[in-house]
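Coming up is one lone chain in structure tokens, specifically the form predicted on its own.
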């Protein structure tokens, strides 16, 4: 008997991303017997709601060039409202309409995603490095794979989103790409697809034709080319490969069939070592 493939799919929440084509493909994969975990973002919608609520979004950039949302308590409340509420439940609703027994969870639920809150963050402001100590951010370090496998074994499809829980049981904002990567590793996934509003890692971010088609687990060319948010996606891909995931693809969420396109190599493909 063939073991069903386990596929973790992370779809970003950037401006202009239409989830519908991917959700239709997920329904097809589930009908065909695949074990699918969907991780979603919601950054653009969060920015809109933050503006509407009079709490405009703010971002910080580390000295190494990583960009993240400045997350105080008010920001985290808006973040949870959009990610855990509006987006997560609308995705679960749509998947049920497509015949998928989806279960929507944040990383808080059941302590699904846990990690340490960052005590201090170095950020570049006006050309100088400053230390921020009140940010509610961190990184997922542990995934409850037993819980996720229980859902998958009972034909449920988990739909996951940040935030996660700290060691002190405090909600923390975490990068969804890297959370998807450690989730894929915890499940021993065959594939991790990181889909967003870019076609993959580009040598020149302004030139879609400069796509880097293949990459190794620690590819200096890819690392050098990754700018802004793409740095986190490349880190996520490397962490997933190191964690035993068979294959990672960074690709566009905006193709007619984004999942099928990514699985056939339309993007930047990271391959794990042969078993």
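Numbering follows the first chain given and starts at 1. Values in this document were obtained by computation on a predicted structure and should not be read as measured data.
Keep in mind that the form predicted together with a further copy of the same chain is missing from the display, and what follows is about it.
Q: Each of 66, 72 and 120 having a non-hydrogen atom within 4.5 Å of a further copy of the same chain in the predicted bound form: is that the case here?
A: Contact check failed for every one of 66, 72 and 120.
Q: By the heavy atom within 4.5 Å rule, which residue out of 116, 124, 132, 151 makes contact with a further copy of the same chain in the predicted bound form?
A: Of the listed residues, the single hit is 151.
Q: Only one of these stretches, 179 to 187, 91 to 99, 193 to 201, 124 to 132, has heavy atoms within 4.5 Å of a further copy of the same chain in the predicted bound form; which one is it?
A: Of the options given, it is 91 to 99.
Q: Does residue 85 reach a further copy of the same chain in the predicted bound form, with heavy atoms at most 4.5 Å apart?
A: Residue 85: yes, in contact with a further copy of the same chain in the predicted bound form.
Q: Is residue 170 near a further copy of the same chain? Define near as a heavy atom within 4.5 Å, in the predicted bound form.
A: Yes, residue 170 lies within 4.5 Å of a further copy of the same chain in the predicted bound form.
Q: So, in the predicted bound form, is residue 141 in contact with a further copy of the same chain at a 4.5 angstroms heavy atom limit?
A: No, residue 141 is distant from the partner.
Q: Determine whether any heavy atom of residue 106 comes within 4.5 Å of a heavy atom of a further copy of the same chain in the predicted bound form, and answer yes or no.
A: Yes - in the predicted bound form, heavy atoms of residue 106 and a further copy of the same chain come within 4.5 Å of each other.
Q: Taking only heavy atoms into account, state which residues of 35 to 72 are within 4.5 Å of a further copy of the same chain in the predicted bound form, ordered by sequence.
A: Stretch hits, in order: 49, 52, 53.
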